[in-house]
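Presented as structure tokens, the chain that follows is alone, the form predicted alone.
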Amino acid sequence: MGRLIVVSNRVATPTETKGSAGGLAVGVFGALKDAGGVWFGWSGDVVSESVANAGPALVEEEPVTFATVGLTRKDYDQYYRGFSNATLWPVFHYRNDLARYERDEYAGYRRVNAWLAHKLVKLVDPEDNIWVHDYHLIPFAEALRSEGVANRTGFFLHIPFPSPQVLQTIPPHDELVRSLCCYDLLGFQTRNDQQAFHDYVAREAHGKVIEHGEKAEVEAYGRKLRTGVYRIGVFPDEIAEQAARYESRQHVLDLKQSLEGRKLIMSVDRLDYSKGLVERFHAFEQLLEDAPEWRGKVTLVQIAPPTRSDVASYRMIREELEREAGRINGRYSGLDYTPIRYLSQQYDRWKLMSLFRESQVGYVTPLHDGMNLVAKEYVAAQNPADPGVLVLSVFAGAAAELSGAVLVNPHDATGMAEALQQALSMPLAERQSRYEINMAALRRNDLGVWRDTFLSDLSNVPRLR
């Protein structure tokens, strides 16, 4: 029985896996503890060429080895800041207007994947299974195969997979899909994402797809592989317990006091153009315009920690969000009332869960998202006796599961304003019914089910000969 090798762009530190990391890192670490193995990837540090080539640095936390490497400034600029986040991220989120393509960045992306694969090879035993995560590492299996690695290797995409017409706006689209076909198992968040991949294989690569429900066999570019839909989740009962435990902490009491009896809409996202933050502010403004009875009676708290601040489009969204929050507050504020509290700082995960529990509405309206675990965390954190209502974008992967949410189109400000009114006014019995429906869905497909199902399917893939 081999070990598990997890490969991701960033590696959670041993300290983070013991409590402060997000649910995904905790879930992956749980699999590593069960099977034993290695977690390999970038340390997050930009280092000199000599330091980068000296790696990987190994930290042993039995039975897990954390193996990390630094990136040089050139590699960071081309692989991470460049092709990964200036090309793949916007296109995969259907924002071609924000994407750029530069050949040297794509070359750097492939070069770093090959370099990372070379670094990993010496840590891999013949019986190990390899689980690679996300868009930064699409060519990783291809690089491993060129190093002679024949181990079962699976890939899970945490973001949407675009339709063939959208993917084709990336000039080397054929090379990217060819690289994906070097994996033995491809996992997608939703059926739509899986179908988009199948459509490309059938139409552009002239391959074959045999579907078996949400699992499929694919033959393309001279390779046979499998695909599946694996809906990433959370551990809902753990979140509920922690949210209740933090309910009496000082930060919660301070928030309650500052609200002075007003209803609370909570919204938490990374500062990213895919999250629909500006559209969210406009819909909240529409609520105050169309329903003046809510003025002074409801507050929106938007927590949006800055991310990728060295990418121009992210600086622009931050500036726009600050400008719109100021404009709306200037229009509707009173001496003792600020409609929008916009906080661009990081908060401890469990503090956020306790704030979710105190709110009447969870406001999760991305323009496009792979799954969106914030939506699931919001539901799990609620008080069953007096739960809040989730207002959720139809373009979040979670919308297919959380049928108890109030679903909205984030491009329709009036429709979102109406949904906020509905949620704020919803009777207790209906809120409880919607909560129970959503919690049942979370328990059916929790983080452990996602992890164990993918790894079971990977272990059943025929080994390369």
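Please read these numbers as outputs of a predicted model, since none were measured by experiment. Numbers follow the displayed sequence, beginning with 1.
Another form exists, predicted in complex with adenosine-5'-diphosphate-glucose; not displayed. Remarks below refer to it.
- prompt: Tell me, which of Ala141, Ala380, Leu116, Val374 has a heavy atom within 4.5 angstroms of adenosine-5'-diphosphate-glucose in the model of the complex?
  reply: Comparing distances to adenosine-5'-diphosphate-glucose in the model of the complex, the residue within 4.5 Å is Val374.
field: Heavy atom within 4.5 Å of adenosine-5'-diphosphate-glucose in the model of the complex - residue from Tyr76, Trp89, Phe235, Tyr314
entry: Checking each option against adenosine-5'-diphosphate-glucose in the model of the complex, the one that comes within 4.5 Å is Trp89.
- prompt: Which one of these stretches, 265-273, 198-206, 292-300, 106-114, sits within 4.5 Å of adenosine-5'-diphosphate-glucose in the model of the complex when only heavy atoms are counted?
  reply: One stretch meets the cut-off, namely 265-273.
query: Contact between Gln189 and adenosine-5'-diphosphate-glucose in the model of the complex at 4.5 Å, heavy atoms?
result: Within the cut-off, so yes.
message: With a cut-off of 4.5 Å between heavy atoms, is Ile159 one of the residues that contacts adenosine-5'-diphosphate-glucose in the model of the complex?
response: Residue-level check for Ile159: yes, a contact with adenosine-5'-diphosphate-glucose.
- prompt: So, in the model of the complex, is Leu352 in contact with adenosine-5'-diphosphate-glucose at a 4.5 angstroms heavy atom limit?
  reply: Contact with adenosine-5'-diphosphate-glucose, yes.
- prompt: Looking at the partner-bound form in the model of the complex, is Pro305 within 4.5 Å of adenosine-5'-diphosphate-glucose by any heavy atom?
  reply: Residue-level check for Pro305: yes, a contact with adenosine-5'-diphosphate-glucose.
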